Ligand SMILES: NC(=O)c1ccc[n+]([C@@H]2O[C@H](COP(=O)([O-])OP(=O)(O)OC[C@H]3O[C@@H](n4cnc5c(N)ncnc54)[C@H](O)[C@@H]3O)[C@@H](O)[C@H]2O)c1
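The data below hold one chain only, encoded as C-alpha cells and taken in the form predicted alone.
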Amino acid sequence: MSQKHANYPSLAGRTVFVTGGGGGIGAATVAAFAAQGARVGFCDIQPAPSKKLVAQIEARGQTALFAECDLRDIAALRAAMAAVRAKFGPITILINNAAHDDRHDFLSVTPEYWDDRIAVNLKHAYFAAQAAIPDMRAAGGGAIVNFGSVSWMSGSADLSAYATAKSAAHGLTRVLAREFGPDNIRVNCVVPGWIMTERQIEKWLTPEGEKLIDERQCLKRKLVPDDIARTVLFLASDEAGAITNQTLIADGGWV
C-alpha cells in the first residue's frame, strides 16, 4: 500500500470476496485489499484481465485467487465463493461490486432485457450475501459493502433498469444491516459517481462529458477507481466498526 494512504491492520489475514473483480473499480478494490495483507478471492466473467491481475498481485508477494463465473448463474457464484473459502478460509468481508451500466431506451425495454439487467446488477448481491453471512456469523462478525450508483439519485434518463436495480442496493443494505447487526455483521453501501474506468473513458468520456464533470462535480478533477477502493477499505476495516446501515456517496459532489 502506498505510504501516502492509510494502512488497516484489521484487514490483514482476512478472507475477502469481491464480485466483478477483474476490471475497473473491482480490480482496484482487489489490489487494495491484497496490499493490506488480506487474502482476496474474486469472480469475473473475463478470464484474461482477471488472470493478469492475479499475476500482478502475486508478483508483489500478495495473495489473490480468481474464480471465473457468470454472476447471472447463482450456482456458479456459490461455487466460486466455495472455492475461495476452501483456499483461504471463511469469508468475513464481502464486496458486492459487480454491475453493468448498459444504456437503454425505456420504451424499448423487454421483460427479457429487464430480467437480465436485474440479474446482472442486483440478484447476485442478494445471494452472495446469503452465502457469506453464515461464515461471518461463525467468525463472530463481518462486513458487507454493497454498491449503489448516483444514476438513480440524478435520474439518468437512459439507465432506467440499471438505476432501479442500483436503488435497490440501498434497501438491501438497510434490511441486512438490521437483521444481522446482532451477529456483529456490518452492512453499508458505497455510491460511486462517474469513475474513470477504461470502459467509461472508451465509451462515454466525450468533450461534452468533460464539460459535464466540470459543471456538476464540486471537485474539479476526474475520479478514478482507487478513490472508490480506498472508501471500501475503510468501511470494511475495524476503523469503521461503529458504522453500519449507511450509504456513503463518493461522487466528488455530483449529487
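Note that residue numbering begins at 1 and tracks the sequence as displayed. Just so it is clear, the structure is predicted and the values come from calculations on it, not from any experiment.
Another form exists, predicted together with the named molecule; not displayed. Remarks below refer to it.
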| item | value |
| --- | --- |
| Contact flag, S149 vs the named molecule in the model of the complex, heavy atom cut 4.5 Å | yes |
| Contact test in the model of the complex: G41 vs the named molecule, heavy atoms, 4.5 Å | no |
| A99: touches the named molecule in the model of the complex, heavy atom cutoff 4.5 angstroms | yes |
| Close approach of I45 to the named molecule in the model of the complex, 4.5 Å, heavy atom | yes |
| Selected contact from M81, M136, A161, V120, since only one has a non-hydrogen atom within 4.5 angstroms of the named molecule in the model of the complex | V120 |
| One residue of K220, R199, R60, K211 in contact with the named molecule, assessed in the model of the complex (non-hydrogen atom, 4.5 angstroms) | R199 |
| Site check F88, G142 and R230: each within 4.5 Å of the named molecule in the model of the complex by heavy atom | no |
| Heavy atom contact within 4.5 Å of the named molecule in the model of the complex, the stretch among 127 to 135, 153 to 161, 178 to 186, 70 to 78 | 70 to 78 |
| Sequence-ordered residues of 175 to 193 touching the named molecule in the model of the complex, heavy atom within 4.5 Å | P192, G193 |
